[in-house]
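We begin with a single chain expressed as structure tokens, specifically the form predicted alone.
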Amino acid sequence: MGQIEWAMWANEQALASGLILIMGGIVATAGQFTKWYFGVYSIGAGVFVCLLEYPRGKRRKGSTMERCGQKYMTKVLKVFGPLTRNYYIRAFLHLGLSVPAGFLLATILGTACLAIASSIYLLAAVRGEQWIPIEPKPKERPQVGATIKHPPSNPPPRPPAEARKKPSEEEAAGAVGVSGGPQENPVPVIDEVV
């Protein structure tokens, strides 16, 4: 079996954690909890985590499904270079962002999820993974003449290649005698008008 790419799991976990932090922060702020300012912090931290984690990284093997609109945020993350590419930095950043949100009951779930994402990122970093942006592949337009070498000679539906055979000389000679005009009906047709 192949090796697990832990960064993909961490990315999904961190994105969900950011959304949970935002929701918990909204509940704490709107409900005017005792320490509601931690709710405001959680909204800001959640938005930051969601923006950081929205673009998926490219997988080592296979194809990676790009998120809708990811290419715009990918350009921003590429500007910061090693700060966004290195998973050690992401692991400690997420761990640091999760600590203040842990002092409020409404945001404790987001804190726990972000701490789990941080540990998964740390595991990915130890295994040597790093964030690589998904680059769009240039589309090559095939030339029409180069793709169709020999167009089919008989119309569809065509029999399988094994069933197709070249007409023999006898069949070719018999086909020459058949005219392309109208044929006679061997059964007499009686048209009665009542």
Partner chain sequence: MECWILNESLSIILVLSWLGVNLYLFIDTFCWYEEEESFLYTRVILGSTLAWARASAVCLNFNCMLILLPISRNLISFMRGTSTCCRGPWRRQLDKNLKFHKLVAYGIAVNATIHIVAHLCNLQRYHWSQSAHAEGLLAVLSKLGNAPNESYLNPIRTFHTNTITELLTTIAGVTGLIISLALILIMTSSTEFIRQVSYELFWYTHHVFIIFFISLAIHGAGRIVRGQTPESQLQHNVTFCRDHYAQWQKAAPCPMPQFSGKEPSAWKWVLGPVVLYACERIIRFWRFQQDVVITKVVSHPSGVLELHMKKRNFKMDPGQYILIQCPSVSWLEWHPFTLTSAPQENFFSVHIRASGDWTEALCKAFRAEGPAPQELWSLPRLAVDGPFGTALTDVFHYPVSVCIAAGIGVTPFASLLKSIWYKSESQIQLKLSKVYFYWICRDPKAFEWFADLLLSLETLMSERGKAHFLSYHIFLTGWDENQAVHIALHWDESTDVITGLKQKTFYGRPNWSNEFRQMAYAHPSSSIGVFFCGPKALSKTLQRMCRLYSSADPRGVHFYYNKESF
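Predicted model, so just to flag it, every value in this text is computed and none were measured. Positions refer to the first chain, counted from 1.
Only in words, not in the display: the form predicted together with its partner chain, which the text now covers.
Please tell me whether any heavy atom belonging to residue 54 falls inside 4.5 Å of a heavy atom of its partner chain, as the geometry stands in the model of the complex. Result no; residue 54 lies far from its partner chain in the model of the complex.
Would you classify residue 44 as touching its partner chain in the model of the complex, given a 4.5 Å non-hydrogen atom cut-off? No, residue 44 sits far enough from its partner chain in the model of the complex that none of its heavy atoms falls within 4.5 Å.
Residue contact check: residue 22 to its partner chain in the model of the complex, 4.5 Å heavy atom: So residue 22 does not count as contacting its partner chain.
Even though its partner chain is not shown here, does residue 112 get within 4.5 Å of it in the model of the complex, heavy atoms only? Although its partner chain is absent here, residue 112 would touch it in the model of the complex, with heavy atoms inside 4.5 Å.
Going by heavy atoms, what in 53 to 72 lies within 4.5 angstroms of its partner chain in the model of the complex? Read in sequence order, the residues that approach its partner chain (within 4.5 Å, in the model of the complex) are 56, 59, 64, 65.
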